[in-house]
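Given next, in structure tokens, is a single chain: the form predicted alone.
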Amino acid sequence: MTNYDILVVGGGPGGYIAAVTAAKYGFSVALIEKEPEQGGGLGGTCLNRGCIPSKTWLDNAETIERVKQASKRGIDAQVVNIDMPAMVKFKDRVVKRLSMGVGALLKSWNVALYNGTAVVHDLDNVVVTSAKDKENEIVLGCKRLILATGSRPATIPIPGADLPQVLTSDDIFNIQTIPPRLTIVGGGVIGVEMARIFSAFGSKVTIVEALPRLAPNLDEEIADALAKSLKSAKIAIKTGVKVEAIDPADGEEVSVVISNNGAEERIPSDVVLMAVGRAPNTDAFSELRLDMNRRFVKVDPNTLQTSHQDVYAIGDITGLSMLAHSASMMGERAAKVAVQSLNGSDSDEFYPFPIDYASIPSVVYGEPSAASVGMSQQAAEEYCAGNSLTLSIGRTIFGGNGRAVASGMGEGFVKILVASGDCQTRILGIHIFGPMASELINEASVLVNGTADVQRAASVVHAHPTFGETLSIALHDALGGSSHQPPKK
């Protein structure tokens, strides 16, 4: 058995950051990650079957749309021909390059890498089994354990869910042909992004969502704008419906059977994408019998410590925030807390600030994209009413932004929620629907995390012409009016 100070199970965006952070302080660190044959790969789901593949294809989709619109800009564009196998190969090259980069990073910090499936019996008995050598198990031990096992696509228990035409996000990035008709079950982030992609590729796309609206975690106004944009792209949307079954039909076709207040409808489909959320991977450490919060591992939200004092859990398995960048933040924090405990220190010098989960941004990518950080408008209204504060809402549209109009991307708006009272002014939330929202939300996150002086933030000069000017204009609008806009009614 080989022993380490800190052992990390899972090499996704949380796990590898945890491993590197711990190694920076001179401790012996090992990381276990499943091999591709086992559904793994350095970088985790995000890099191999999620964020990176989807953004690669979204960029392809946006390129196609720009070519189609090029004639409006005086460019005689050629006919678009899509080579799906070539797109898959390009995606694979992107994934391989970034995954190799993670491997090189781990090696540079002397993190020992073990490829295989882990089973944690206890901290002195972590068994690793390789897909390539199942007969020779490796047994590892550690003083501190960080669990970063991530999540997998969830499914719904309906007849036909196991048909070969039904894919998950793990499967669809290897599809070799463009389905003429694609039905997506689930209108969350994954469903919406895949709808954008395959609609641009030429599929007739239908989204079915059980809840009353798409992207229910977004601010309602942003979600409504997103739905309107998808409909303008000829994407059919059916909300408030229940998927009853997926029935085989003639040839390779299937029918997605949905019901709405007792009325049944059948949607003919060539491929069905199951995008109904994700389930945490907890099987590897079930023998530890950690305290759980329903399906998720219960942790201290600031230290990420579990009910076992020497075990930490991060990322999707905690349910605190199922985003790649959240996992990285948690990974860094858990590693620092583990390092402190090994040093016998109770000081918080390694992590002077608590984790502010409210200032973690979320993005629905595409063109236009949607991004939010902080409270929704409804939550802000309730917060201000309960705390005797005044809520001001600043707005601006991309249709008045020089860079956006020049780029042919004038759709969308920025909304900033500002609370004032008790001699203080605070930004509660920022919501963006429009071009470059995924980039603008990073500046917005700084403003929402509670450390920014609102008046000083409004005085920051933005370069012109840039998309980022919209943040400044909306902030001025919330504080009494912007010189770039007509007076508020």
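Each residue number is its position in the shown sequence, starting from 1. Only a predicted model underlies this, so the values are computations on that prediction, with no experimental measurement involved.
Another form, the form predicted in complex with a small molecule, is not on view; read the next lines as being about it.
Indicate whether the small molecule has at least one heavy atom within 4.5 Å of a heavy atom of residue 9 in the model of the complex.
Yes, contact at 4.5 Å.
### Message
My question is simply whether residue 322 lines the interface with the small molecule in the model of the complex - judged by any non-hydrogen atom within 4.5 Å.
### Response
Heavy-atom contact with the small molecule at 4.5 Å: present for residue 322.
Report task. May I ask you to check whether residue 62 falls inside a 4.5 Å heavy atom distance of the small molecule in the model of the complex? Result -> Heavy-atom contact with the small molecule at 4.5 Å: absent for residue 62.
Check your understanding: Given that the partner is absent here, does residue 116 sit within 4.5 Å of the small molecule in the model of the complex, heavy atoms only?
Key -> So residue 116 counts as contacting the small molecule.
### Query
When the small molecule is placed as it is in the model of the complex, which of 62 to 70, 422 to 430, 41 to 49, 441 to 449 ends up with heavy atoms within 4.5 Å of it?
Stretch 41 to 49 is the one.
Which residue, 412, 374, 150, 394, is the contact with the small molecule in the model of the complex, using a 4.5 Å heavy atom cutoff? Only one listed residue qualifies here, and that residue is 150.
| task | Have a look at 284, 329, 257, 225 for me and say which one sits with a heavy atom within 4.5 Å of the small molecule in the model of the complex. | result | Spelling it out, the residue with a heavy atom inside the cut-off is 284.
**Asked** Is the CA-CA spacing of residue 39 and residue 313 tighter or wider in the model of the complex than here, given a 3 Å or more change?
**Response** Note: Cα gap between residue 39 and residue 313 widens in the model of the complex.
Pairwise C-alpha change, residue 36 versus residue 185, in the model of the complex against this form - closer or farther, 3 angstroms or more: Relative to the shown form, the pair is farther apart.
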